[in-house]
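Take a look at this one chain, the form predicted alone, written out in structure tokens.
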Amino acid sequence: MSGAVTDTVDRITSRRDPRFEVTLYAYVGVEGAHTLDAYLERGGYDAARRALAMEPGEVVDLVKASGLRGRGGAGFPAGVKWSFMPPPDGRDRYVVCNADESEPGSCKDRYLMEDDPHQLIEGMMIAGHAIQATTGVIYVRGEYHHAYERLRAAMEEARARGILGRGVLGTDVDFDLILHRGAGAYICGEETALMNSFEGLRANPRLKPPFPAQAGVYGRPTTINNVTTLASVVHVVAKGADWFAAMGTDDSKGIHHAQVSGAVARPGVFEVPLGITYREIIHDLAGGPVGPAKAFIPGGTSCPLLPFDDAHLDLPMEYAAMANAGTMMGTGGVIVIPQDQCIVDAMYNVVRFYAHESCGKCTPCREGVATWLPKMYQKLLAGLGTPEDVDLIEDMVKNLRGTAFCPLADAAAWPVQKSLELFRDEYEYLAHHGTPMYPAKDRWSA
């Protein structure tokens, strides 16, 4: 899939923006590209050498100037996040890569780790130097076995060549990595739950403040970034902040990855300049819907869905535009929902995922998301619901928002709220008639 995806990206984006070029995904799908020799042949670790020759603060300023925002979903400026680290005090400090890619609809990180692991390692080295950390942690999603093995092999190659360990790349800088495999829990995508899991504790979110920059891994200053954020840093250092900032929009600079799934002709992962419209992503890159569509989710299942109409398809893929539309850009996981999909059934699929993944720490999430919300959907879909049950679901998700330690409760509530706003008629039809407006069938076989 990956090679074909890259060809498609070249064709579509060169027409839109001649400044754009495939970067992070340039070698995804290329046989043998994951090895150290192949990475060195294409200039691998040159950016790290350049960064190590700079003062740490200069690297932070460079990433700030690029406008790079975190690609894990929240979109917080990466350089600003790095600047929150306190001055070194001689004790350990950590840079952590959140590679626990568990958001339904997201798979961009997987391909980078599998096909170009040294790009991530180089990004970790640069980030480590910028925040003056000598140890990095890559926390990999438990189900990503192939990615884990590729990263493990890449780290061994790097150590054998003096790229990781003491005196990296012939300098006086020490930096090494720990590769940690999770056990398959969505909650570990939340940064403080991830740190607890890494430390061997129960993967519950921590109360903030203190934030990781003040008290992170083992209570020491820690910066946590996503895979594609760290991989992007390599190209920011190699090609300059101006090069990166020239792509995208004033609000959202650089490149991102649209992962398109659902009822489309050509699902896949596409590297795009930010500011591209969802019409271009869905119709031009993903081949368009296989039949009439009624909605799409712009950034993974935790994001409120949008109507499949001209006004929303023409919105740009950027943080501000999505916020103004009442949703989020998230991880860029675009999911197209066909017209004949029962929206209640679709939202139940979302709800039961978050119910299963709730850690149970917070009462609203434990009782609301993990217990009563899925039960209400089960009642409706069994044909036993009433119009009052629809009102109860609406009231329940309204009261879930902002009540838990972490955003998981919000992630379950947002899409449900939006589905009620846009497609309440389907809920009420089911409650009145005991059968869905669109009966279940094999909708994804086209």
Partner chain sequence: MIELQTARPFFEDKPELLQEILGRYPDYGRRSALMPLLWEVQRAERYVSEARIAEIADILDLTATEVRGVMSFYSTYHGEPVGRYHLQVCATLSCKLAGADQLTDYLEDTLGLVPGETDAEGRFSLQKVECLGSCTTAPVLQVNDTYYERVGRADVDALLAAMKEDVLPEPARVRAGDNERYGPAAPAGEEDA
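This structure is a prediction, so every number in the text was calculated from the model and none was measured. Numbering follows the first chain given and starts at 1.
The same protein also has a form predicted in complex with its partner chain, omitted here; what follows describes it.
- Although the partner is absent here, Lys294 lies well away from its partner chain in the model of the complex, with no heavy atom inside 4.5 Å.
- When its partner chain is considered in the model of the complex, Tyr27 lines it closely, a heavy atom lying within 4.5 Å.
- Looking at Asp92, you'd find a heavy atom of it within 4.5 angstroms of its partner chain in the model of the complex.
- Not displayed here, its partner chain is kept clear of Pro316 by more than 4.5 Å at the level of heavy atoms in the model of the complex.
- Between its partner chain and the residues Met322, Cys188, Ala158, Ala231, the one pair within 4.5 Å by heavy atoms in the model of the complex involves Cys188.
- For the options Asn204, Ser83, Thr327, Thr249, the one in contact with its partner chain in the model of the complex, meaning a heavy atom within 4.5 Å, is Asn204.
- Stretch 354-362 is the answer when you ask which of 354-362, 166-174, 221-229, 71-79 has residues with heavy atoms within 4.5 Å of its partner chain in the model of the complex.
- Contacts of stretch 281-309 with its partner chain in the model of the complex, defined by any heavy atom lying within 4.5 Å, are made by Leu285, Ile297, Thr301, listed in sequence order.
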